[in-house]
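To begin, one chain is listed below as structure tokens, in the form predicted on its own.
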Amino acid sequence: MFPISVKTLMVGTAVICLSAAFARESKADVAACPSPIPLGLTTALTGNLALLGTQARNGAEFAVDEINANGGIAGKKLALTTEDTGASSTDALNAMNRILEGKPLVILSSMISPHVFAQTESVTKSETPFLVGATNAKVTAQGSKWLFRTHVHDGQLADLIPEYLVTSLHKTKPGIMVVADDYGLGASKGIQAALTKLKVAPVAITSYAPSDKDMSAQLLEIKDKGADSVILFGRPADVTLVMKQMGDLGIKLVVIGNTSIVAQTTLNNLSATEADGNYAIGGMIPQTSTDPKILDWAKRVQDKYKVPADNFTVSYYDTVYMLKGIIEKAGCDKPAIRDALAATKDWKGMLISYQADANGDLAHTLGIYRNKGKTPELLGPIKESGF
């Protein structure tokens, strides 16, 4: 399924490499780092994907500011350069080329999969550690030994959402509704495959264009074919429209999907009735935590940026702190940083622990959520099989 020749060998040898790298662990390694230590980030800050990109940028930037306020890494500050990708893959590649001109030590990129697909070859040629949140399962199957992902992906969701719907919620007549782009259509295929394994056939398979504002035809098709539930995969803006239109059409079905359903930006635009009872599985969000420290962190992020922290904010925040720990041990040698990422095991982030698999995926724990009115509740964590 995956091109294991590169990553598996890398993981297999990573412990040996790490032994060598960490044997050199010393303040001298960090002392050899440039000052400031340059990091690059490309993400969507304008266009119809700007909200998602901004939330990721906020997480990375918040971590950098905290680290610098606490003395940096062995006294050296981090310098984060951010380039706006807009919404197109061409612009994403151009943004990456501008970042590469600055010769950053590590590059972070978007959660938008087509952008990462467009950028991977250039970053791989530069031999720079490349960390992304892009959710298409195939992102880490491109054969780049420099690419890692610190967010859960839609392959994991495609397995776990049907399983929870059928085995826990006992729904066996789902209709599928996804945004018709690389993200949603990839998820739809995985969901259909997972339902087949569960011996369940969807009563309707529908999609809508990312720019669509009226999804009533798709919703009525799902209703008219006798669905008992809707599997919904989209982004907060369009998921909000779907859920509002379900209410307008009087369609009362169990809805389950990705974390756009419980995202604060979605809930802010729904009534309690429209939001109530809908389920999501996905990356961990801070608002459902009962830990006062995490709730305080979420409040400080909201106060600073006037945008609620989401699962991507958490992921990119964790990513920067993970890099801090690696640089403290491995210094600023790019291959050593890459090898340390490949050998990551049980690194404790804000809400989950990270562990690298053979493909470079580090996130394997997801949350099951249910909206109580406009408040998402964490029903419990769920892990990818094998973790």
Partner chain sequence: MKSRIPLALCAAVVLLIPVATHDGYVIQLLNIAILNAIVVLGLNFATGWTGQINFGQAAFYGLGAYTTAIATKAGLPWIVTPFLSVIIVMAASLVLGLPTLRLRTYYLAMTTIGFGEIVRLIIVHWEPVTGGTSGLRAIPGISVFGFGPQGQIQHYYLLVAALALAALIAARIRQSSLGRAMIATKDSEIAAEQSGVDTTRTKLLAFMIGAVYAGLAGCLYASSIRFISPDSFSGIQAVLLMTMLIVGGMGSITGCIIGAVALTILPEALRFLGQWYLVLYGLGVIAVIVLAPGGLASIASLIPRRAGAR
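Because the structure is predicted, anything quoted here is derived from the model rather than measured. Numbering follows the first chain given and starts at 1.
What comes next is about the form predicted in complex with its partner chain, which does not appear here.
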property: T46 within 4.5 Å of its partner chain in the predicted complex, heavy atoms; result: yes
property: 4.5 Å heavy atom contact, H115 to its partner chain in the predicted complex; result: yes
property: Interface membership of D228, its partner chain in the predicted complex, 4.5 Å heavy atom rule; result: no
property: Non-hydrogen atom contact T90 with its partner chain in the predicted complex at 4.5 angstroms; result: yes
property: Heavy atom contact within 4.5 Å of its partner chain in the predicted complex, the stretch among 215-223, 313-321, 93-101, 286-294; result: 93-101
property: Interface residue in the predicted complex among K299, K76, K189, K173, criterion: non-hydrogen atom within 4.5 angstroms of its partner chain; result: K189
property: The unique member of T124, T265, T81, S207 whose heavy atoms fall within 4.5 Å of its partner chain in the predicted complex; result: S207
property: Contacts with its partner chain in the predicted complex - residues in 165-189 whose heavy atoms fall within 4.5 Å; result: A180, D181, D182, L185, K189
